[in-house]
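One chain follows as structure tokens, the form predicted on its own.
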């Protein structure tokens, strides 16, 4: 099993190494702009849930950036499927579907770790003190794994780049802005509050923010993150088998 897994992961890391500099620079700009616009814009006087706004914001940016990078493997999978047919070679090779999914998911986690590390560096530069606990690493793993496997699922289901862009527009982008990244979901109207509580990012943001700021960890939310991770792992396996068939 591990030969196929390491082969898939090695291929993705090798391709990433060719364009790592550009990707790291690109992924670092968006969080920095949000920190400058909102962190400095609101100043230290504004507090949210008892925290200075910039302290409230940074964990949200970590979840947002990690989501973008882990789910972002869907775009690269689309390119490898539709243009270079690399994914077809995975399917032809003696590599099991579970190895493909795990290899791609670990690559998504790797990308997310780089983006999170950049934001931790920003937190030091902006003078924000975060508490890094074991719960954070567990929550971060669930968060990145579930969105990486969701990315694999969508990449296998969509028929072209246009369909992938539609998913990003109507699902990923609204989720980023409504699930507690920039403001507490409790401030939303009742309809939207109910809607965001069926989305996994809401629970990821709450748990990761609490783990980094010394808040109370809701173990139910952590359990829901694990449930989403299992669910999307299952859908990714189903989607890969569907393509192979």
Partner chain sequence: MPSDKPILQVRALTKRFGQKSAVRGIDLTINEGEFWGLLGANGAGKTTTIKLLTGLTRPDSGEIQYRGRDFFRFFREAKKLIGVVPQQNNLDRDLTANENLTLHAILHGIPRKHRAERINEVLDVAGLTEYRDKPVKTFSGGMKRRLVVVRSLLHHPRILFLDEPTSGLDPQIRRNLWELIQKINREQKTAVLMTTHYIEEAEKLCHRVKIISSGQVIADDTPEQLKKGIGHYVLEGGEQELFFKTMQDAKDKQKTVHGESSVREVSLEDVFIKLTGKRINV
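Note that the structure is a prediction, hence the values are computed from the model and not measured. Residue numbers count along the first chain shown, from 1.
The same protein also has a form predicted together with its partner chain, omitted here; what follows describes it.
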{"property": "One residue of 78, 97, 123, 153 in contact with its partner chain, assessed in the predicted bound form (non-hydrogen atom, 4.5 angstroms)", "result": "97"}
{"property": "Single option in 171, 113, 131, 93 placed near its partner chain in the predicted bound form, where near means a heavy atom within 4.5 Å", "result": "93"}
{"property": "All of 3, 15 and 241 within 4.5 Å of its partner chain in the predicted bound form, heavy atom check", "result": "yes"}
{"property": "4.5 Å heavy atom contact, residue 19 to its partner chain in the predicted bound form", "result": "yes"}
{"property": "Interface membership of residue 86, its partner chain in the predicted bound form, 4.5 Å heavy atom rule", "result": "yes"}
